[in-house]
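Encoded as structure tokens, the following chain is the form predicted on its own, with no partner shown.
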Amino acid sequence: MTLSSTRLIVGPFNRVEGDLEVTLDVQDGRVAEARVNAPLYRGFEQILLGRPPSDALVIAPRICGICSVSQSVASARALAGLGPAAMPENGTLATNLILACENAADHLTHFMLFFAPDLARSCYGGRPWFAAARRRFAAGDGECARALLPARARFLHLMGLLAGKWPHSLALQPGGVTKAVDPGEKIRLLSILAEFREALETHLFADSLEAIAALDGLPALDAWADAAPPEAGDFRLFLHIARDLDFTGLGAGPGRFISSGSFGLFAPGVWAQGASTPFDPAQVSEDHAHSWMEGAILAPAVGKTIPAPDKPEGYSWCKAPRLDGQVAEVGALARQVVDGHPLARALNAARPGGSVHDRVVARLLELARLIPAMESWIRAIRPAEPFCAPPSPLGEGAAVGLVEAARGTLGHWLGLHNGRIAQYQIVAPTTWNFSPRDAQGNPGALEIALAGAPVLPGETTPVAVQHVVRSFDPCMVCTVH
């Protein structure tokens, strides 16, 4: 360290899911290097070993209270990979609705409760938009949360109708869902969605969801933001604030994006250097060089989770997933870029590594695309037809279940031997984004994104760092599981 350098340890973070600590080496008022630590070890992969395979449907969702549907779907898909049952169309529709409900609720929760309250901090008291930000986004009494939290609660009634409860439903099975939908419930589902759409179009967007989904480039986004006063909708207010604070210049990640595809709505693939290639889960590996784990670089299908809390090179319980040996980012921005949405591709063309601005825009864009899709899935349900294939014996061997959680690509790698779980490895979205360095010293996605973030004189928990961290919407309990 020189006289102009210093080290900050930031954490624990509020308004993120789980435990997080970030070590920052600061040089000349900017972050020179960052190390991200997931400080809580949990052990779900060991808990599952030796158990009957059906136990995975009960235990895996309990990894997390806000991503439990995603964990359920990944587990069910891994089990389905070892069984002959084909899911009926109603099962696919209901599964999509349950997963989309969790993802949409998470996107809204992230914006109004996790990210936007930072814009109402007193450090921005001199900005021309501060009074509006304070009124709309302040933690505890902001009008945004007061208007949209009740709407989110009513939206989650979908979970009760489709999955019995949330979180930790047992309705999601390898062959479909255990809860059928009758004609009266179908009407009620449409009514719940209509109410949620109205809340989003009134408070969040002040425009139709279709108008947001139709934004096809940066000129269209700028024109939409300027077409009404900044306080006409929370999304528009965010865009004006982001412009003033230069959020497009903050938080550039690795520039390699992964999506396993979702709902048949968002295409799978890998996007890097302006080109798309197929996503192959066989190229995923986990590097243990700087995690408190024993072992070398292994594919999840043969990976191990052996804690080594005294390992000198370790600084996180998180492993370091890599795709074909390279660091990657997952999440809504990755999904929308990989899928080829015109606005997301325009954001990527302007800033190949993404930014705080781009991650928030992509998350809200995805929210606007999801709700109309959910409406079409409800209309396609046929109440008199099956929702779940009968259970069938599982074969021995290995399978992987992939799903796009709100925060990105989630994979469960399962191996069965003698009717028991012999292998279970989980690679969660925040494991990708918040990984430590690998054996070659390559930093993880957040560690890359934090480099260059400004640290103002006297700051011990730099607000720019908090913007970058929260732009990823981390779920730390899923990260180490």
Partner chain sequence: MVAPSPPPDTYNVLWLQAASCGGCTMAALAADDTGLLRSMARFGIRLLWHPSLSEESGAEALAVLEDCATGKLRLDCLCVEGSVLLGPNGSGRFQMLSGSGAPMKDWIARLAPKARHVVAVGSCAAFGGMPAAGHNPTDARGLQYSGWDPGGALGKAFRAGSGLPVVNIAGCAPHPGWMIETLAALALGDVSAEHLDALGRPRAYADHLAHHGCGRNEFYEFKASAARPSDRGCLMENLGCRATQAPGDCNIRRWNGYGSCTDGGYACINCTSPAFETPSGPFQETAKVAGIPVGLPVDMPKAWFVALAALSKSATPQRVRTNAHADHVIVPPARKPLKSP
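Just so it is clear, the structure is predicted and the values come from calculations on it, not from any experiment. Residue numbers count along the first chain shown, from 1.
Beyond what is shown, the protein has a form predicted together with its partner chain; the following relates to that form.
Student: Using 4.5 Å between non-hydrogen atoms, is V465 touching its partner chain in the predicted bound form?
Tutor: No, V465 stays farther than 4.5 Å from its partner chain in the predicted bound form.
Student: Verify the contact flag for M87: yes if a non-hydrogen atom of it lies within 4.5 Å of a non-hydrogen atom of its partner chain in the predicted bound form, no if not.
Tutor: No - in the predicted bound form, heavy atoms of M87 and its partner chain never come within 4.5 Å of each other.
Student: Although its partner chain is absent from this view, report whether A384 comes within 4.5 Å of it in the predicted bound form, heavy atoms only.
Tutor: Output for A384 is yes: heavy atoms within 4.5 Å of its partner chain.
Student: With heavy atoms only and a cut-off of 4.5 Å, decide whether I63 touches its partner chain in the predicted bound form.
Tutor: Looking in the predicted bound form, residue contacts with its partner chain include I63, since a heavy atom lies within 4.5 Å.
Student: Each of P150, W166 and L170 near its partner chain in the predicted bound form, meaning some heavy atom within 4.5 Å?
Tutor: Yes, the whole trio is in contact, each within 4.5 Å by some heavy atom.
Student: Considering non-hydrogen atoms and a 4.5 Å limit, which listed residue (R256, R121, R197, R345) is close to its partner chain in the predicted bound form?
Tutor: Selected residue: R121.
Student: Of the residues P278, G140, P393, G126, which one places a heavy atom within 4.5 Å of its partner chain in the predicted bound form?
Tutor: The residue from P278, G140, P393, G126 that makes the contact is G140.
Student: Counting any heavy atom within 4.5 Å as contact, can you tell me which stretch out of 65-73, 421-429, 26-34, 441-449 lines its partner chain in the predicted bound form?
Tutor: This holds for exactly one stretch, 65-73.
Student: Across 29-46, which residues bring a heavy atom to within 4.5 Å of its partner chain in the predicted bound form?
Tutor: Sequence-ordered list: P39, L40, Y41, R42, G43, F44, Q46.
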